[in-house]
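Coming up is one lone chain in structure tokens, specifically the form predicted alone.
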Amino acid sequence: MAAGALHRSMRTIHLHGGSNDSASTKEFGNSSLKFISKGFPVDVKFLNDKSRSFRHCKMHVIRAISSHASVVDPILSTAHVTTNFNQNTSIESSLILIRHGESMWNEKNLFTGSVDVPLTKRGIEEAIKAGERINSIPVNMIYTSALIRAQMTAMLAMTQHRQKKIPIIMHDESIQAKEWSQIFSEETIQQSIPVITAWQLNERMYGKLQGLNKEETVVKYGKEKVHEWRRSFDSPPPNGESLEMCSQRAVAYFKENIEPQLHNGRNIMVAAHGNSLRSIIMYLEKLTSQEVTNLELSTGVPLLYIYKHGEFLKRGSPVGPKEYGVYAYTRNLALYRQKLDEMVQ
């Protein structure tokens, strides 16, 4: 559903050259598209040939001309594309995971779960700091939970990104919402990043613990019982979800919606919650149920993974906007950062 709104809005294939060559060739199944990198739009049309995966598409090859321009990242639109063509397995994509910044109930030491509360001032600062850490890593799409603390974190983080694109939440909750949120400027679309919200990425539901003070809950139920609810894999709190239950929905959504985008070469940021992200990391790193219960995620600290050859490689947390950490040492990320550096010189 959200993907449908994305497909209608993102109707253009955006390509940028990764070398100094004046011409580049992109392979799509048995077809190849050759374009000249001179900053001009090129229309490419395929006849109604069943052997072709593409029916009609449009390319814009854009070159940044000032420090205020946005870097144009590869975004493959599926509005006019069937997804059954052969993919290049050497494609490298970036996956950024961010737990939301401190929320107002984190500050009060309350069980939050599915209750929708905003960030504190400290949480806002954490989100901005997270944005500084990832400001040289490409982002083509953003996924967040349906809760405001995750959405605030994603939006605030992107204010720091050097590509200077605008994150736009895609609304598909009704036909009217879809129609009223359409974008009719191709230029504006090129300067935007779609943000997809999904309840499946929400924090696990803490049932009858939601809104209770954590220390008072220990007094009421006992330290061992509360620890079991919070840290075991398969023991849910009263009327709530266990980590296992949260994992089933979060990982299923990731595999069905996010991983295919990574496979297609899109760079993704996911802003979510401690338990939904622990679930996803369990899948990415093939952790056991015991290992994942010991996994701690700090608020507002991004984690970077590289997706290549169908595998996820953990790169750790970017250390800062002016420091080259381990995350920079892939060829694609280094070239991307170099392009950003050239824009401001």
Ligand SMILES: O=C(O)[C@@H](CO)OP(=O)(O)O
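As the structure is a computational prediction, the values presented were derived from the model and not from experiment. The numbering used is simple: start at 1 and walk along the sequence shown.
Below, we refer to the form predicted together with the named molecule, which is not included among the displayed structures.
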{"item": "Selected contact from 261, 217, 275, 140, since only one has a non-hydrogen atom within 4.5 angstroms of the named molecule in the model of the complex", "value": "275"}
{"item": "The single option of 181, 106, 232, 190 touching the named molecule in the model of the complex, heavy atom within 4.5 Å", "value": "106"}
{"item": "Options 151 to 159, 224 to 232, 132 to 140, 116 to 124; stretch whose heavy atom lies within 4.5 Å of the named molecule in the model of the complex", "value": "224 to 232"}
{"item": "Residue 99: touches the named molecule in the model of the complex, heavy atom cutoff 4.5 angstroms", "value": "yes"}
{"item": "4.5 Å heavy atom contact, residue 111 and the named molecule in the model of the complex", "value": "yes"}
{"item": "Partner proximity in the model of the complex: residue 254 to the named molecule, non-hydrogen atom cutoff 4.5 Å", "value": "no"}
{"item": "Interface residues of 198 to 216 toward the named molecule, as seen in the model of the complex [heavy atoms, 4.5 Å]", "value": "203, 206, 214"}
